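Shown next as structure tokens: one chain only, the form predicted on its own.
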């Protein structure tokens, strides 16, 4: 544990001094005001031990990191039926690309690009009002993190609704191909709210423990489905930067344009980082570097 804490402290100090921090997601007005100078990292080991550094108790908008949790919910509720509506292959294109969706006739390439996540949210709405579905989502997050304080930031959700024109285009394209069971505005309303959940790095690392498949942890999902989610995080979790993340870090991970990343060292630890500045692929620039440094220092890799 002393080695882990020392590594986190060293990484946090290096990231605080980094001159190039990326660019915040200024196309979402509420995220445009976030201070890019902030940095946080947290690790939760399989036995519940926590080590943190930086702004680990500052809440941030998890954005597309939410897709890990809604996918887990959808697999728990629908099982393999979900794969009739969304694929499992890397996209190789931007997270909000409409070209691929049109070319592939309304079947999103994977559940972590925006179109795929909208389909997953639409599937979760089946038999539920949006408010009920979001209530289930918050309960899942709070159970996974063992923290009732997690909430949805209504101002961020409203900001995304007012400016999410490309997501509306994706939803209408899905509807045109009959891959949306609810009106686009209902599916998107739930989707924008799920992305607007706020968590700290400490909470996010705790919430990721169900993906460790380690003995003694609460089972929120079957071990087989946990393995599948980790596989998708490895191949698709960073959009068109997924291959580079897998090459550099060697761990399953999922990013969000709020600057957060969750990564999993199977059977060992859940890692959460946050640095609001993004690289050109929409992934946290310093967060990616920090996880790479941590994985190297601790010799954590999914590949042995």
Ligand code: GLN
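Since this is a predicted model, take the numbers as computed values, not measurements. Positions refer to the first chain, counted from 1.
Beyond what is shown, the protein has a form predicted together with glutamine; the following relates to that form.
With respect to glutamine in the predicted complex, the three residues 69, 74 and 121 uniformly fall beyond 4.5 angstroms at the level of their nearest heavy atom.
Using a 4.5 angstroms threshold between heavy atoms, residue 95 counts as touching glutamine in the predicted complex.
In the predicted complex, glutamine lies farther than 4.5 Å from every heavy atom of residue 110. Glutamine is not shown here, and in the predicted complex it never comes within 4.5 Å of any heavy atom of residue 204. In the predicted complex, residue 257 approaches glutamine with a heavy atom inside 4.5 Å. Contact with glutamine, judged by heavy atoms within 4.5 Å in the predicted complex, is confined among 240 to 248, 47 to 55, 32 to 40, 60 to 68 to 60 to 68. Although glutamine is not shown here, in the predicted complex the stretch 175 to 208 places heavy atoms of 191, 195 within 4.5 Å of it, in sequence order.
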